[in-house]
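A single chain, nothing else alongside it, follows as structure tokens in the form predicted on its own.
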Amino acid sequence: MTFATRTWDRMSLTSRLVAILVPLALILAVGSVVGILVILPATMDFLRANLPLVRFAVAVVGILVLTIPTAFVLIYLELKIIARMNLRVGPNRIGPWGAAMSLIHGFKVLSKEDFTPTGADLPVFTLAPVVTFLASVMTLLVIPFAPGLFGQDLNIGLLYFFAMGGLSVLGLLMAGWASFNKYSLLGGLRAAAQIVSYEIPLTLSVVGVVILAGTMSMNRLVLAQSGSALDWFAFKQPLAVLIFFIAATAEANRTPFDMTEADSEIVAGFATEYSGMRFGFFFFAEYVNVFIVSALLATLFFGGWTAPFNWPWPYNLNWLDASGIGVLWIPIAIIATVVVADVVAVAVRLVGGRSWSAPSAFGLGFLAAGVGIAAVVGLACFIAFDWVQGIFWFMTKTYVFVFTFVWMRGTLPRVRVDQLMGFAWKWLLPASLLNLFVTATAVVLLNQ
């Protein structure tokens, strides 16, 4: 036994941690200094020379991160809304008002065994949920959330959206074929037939919007509707809105068109043999699709991030400018938080009496003050910054349609397969062609 080994064995746990962490901290400190002096300047020069690439990378990361809380929020809304429609309370145990229940659902899915059935085509079986999820996420790249807040402004953004969205059927068909299960295969074939059928009226319904706006750029489509609610394409293309909404419901596999995973007929369709993280990708993709379809509906027909009315006053709060007097709002906010917390704590003690201890009263006071200050700052930012206004209006419109999709799931029964296919080819396709011809004719006549 060497001297170093004997010394290590005689050391206490605290001494061992110090012996490990102190040299590690020194190494990290030296490495940080070297990195700041040598690597950081070169890295900053590279980033400045490739700003479009940096912006694209940041946009991709932001979109991927956005999908996770979006899916959890939609799951929670679905649990609560359908429960209220059924005169139930819904989740109310985990987190405030049961808000953390969707997180528990997500962790539950991810913690399950990731099982692969015997006879399955393993590479295709594994790639199918990835293809479905990424096909949904990639469509978010061209959706404008606010002025200047978008992944990429393509001049063929609408064409890109439909091209990427159509790839989701490939993932569902891969899952159905590779699972080596008759119910999965039926679900995959249904998905292919349904999405191919409804993709045609879905695409034709927006051609009238493209004719009116003269562009396929999503940002320019939003700007073409700026002004007031009367400028929205929903009032210029009412038939197109109806066709798009019905076809988008089928594209997102939502009730009453959820034939691809009809649990009363084919167990779970394409997802029958999936579990664990691979099923989680399908699970997330379904809810992200609901948000994407709602966002596209708001963007194309309801003005996107534009307000439904013209602002009657000029808005500009110079005190929010960090380069000027705006820096004073930080100490003002701190002082206001303390004062409001004290006032609320005293009021709670006077009203609640001995049932509230001093720490509890002050804790409630600081919570109320924090919420109040956040509301005031949020209102100020809404008035001062156009991108904050844009996000507010965009998310408001989008979640109105999300609520509508959840409402439909709790209300409508599932249709039959023959009714589903017949409706697409016999009704939606002729209606979309009629809307296209009428719009084109009106544009030609008005231009003359």
Partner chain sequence: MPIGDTVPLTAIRWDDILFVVLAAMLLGSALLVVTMRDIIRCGLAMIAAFASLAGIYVLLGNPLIAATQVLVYIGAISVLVLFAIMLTQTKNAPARLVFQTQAWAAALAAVVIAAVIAISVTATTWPSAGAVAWTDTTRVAELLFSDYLLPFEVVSVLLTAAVVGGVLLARRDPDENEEDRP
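Quick caveat, the model's predicted, so the values are computed rather than measured. Numbering follows the first chain given and starts at 1.
The form predicted in complex with the partner chain exists for this protein as well; it is not shown, and the discussion that follows is about that form.
Peer 1: In the predicted complex, is there a heavy atom of the partner chain that lies within 4.5 Å of any heavy atom of residue 123, even though the partner is absent here?
Peer 2: Heavy-atom contact with the partner chain at 4.5 Å: present for residue 123.
Peer 1: I'd like to check something about residue 209: if you look in the predicted complex, is any of its heavy atoms closer than or equal to 4.5 Å to a heavy atom of the partner chain?
Peer 2: No, no contact at 4.5 Å.
Peer 1: Does the 4.5 Å heavy atom contact test between residue 177 and the partner chain in the predicted complex come out positive?
Peer 2: The answer is yes: residue 177 has a heavy atom within 4.5 Å of the partner chain.
Peer 1: Using a 4.5 angstroms cut-off on non-hydrogen atoms, would residue 119 count as touching the partner chain in the predicted complex?
Peer 2: It does: once the partner chain is placed as it appears in the predicted complex, residue 119 has a heavy atom within 4.5 Å of it.
Peer 1: Given that the partner is absent here, state which listed stretch (98-106, 242-250, 373-381, 161-169) has heavy atoms within 4.5 Å of the partner chain in the predicted complex.
Peer 2: The contacting stretch is 161-169.
Peer 1: Exactly one of 419, 50, 404, 32 has a non-hydrogen atom within 4.5 Å of the partner chain in the predicted complex; which residue is it?
Peer 2: Contact residue from the list: 50.
Peer 1: Can you pick out, from 335, 156, 94, 110, the residue that has a heavy atom within 4.5 Å of the partner chain in the predicted complex?
Peer 2: Filtering the options by heavy-atom distance leaves 156.
Peer 1: Which of the residues spanning 189-218 lie within 4.5 Å of the partner chain in the predicted complex, based on heavy atoms?
Peer 2: The stretch 189-218, when checked against the partner chain in the predicted complex, contributes 189, 192, 193, 196, 199, 216 at the 4.5 Å heavy-atom cut-off.
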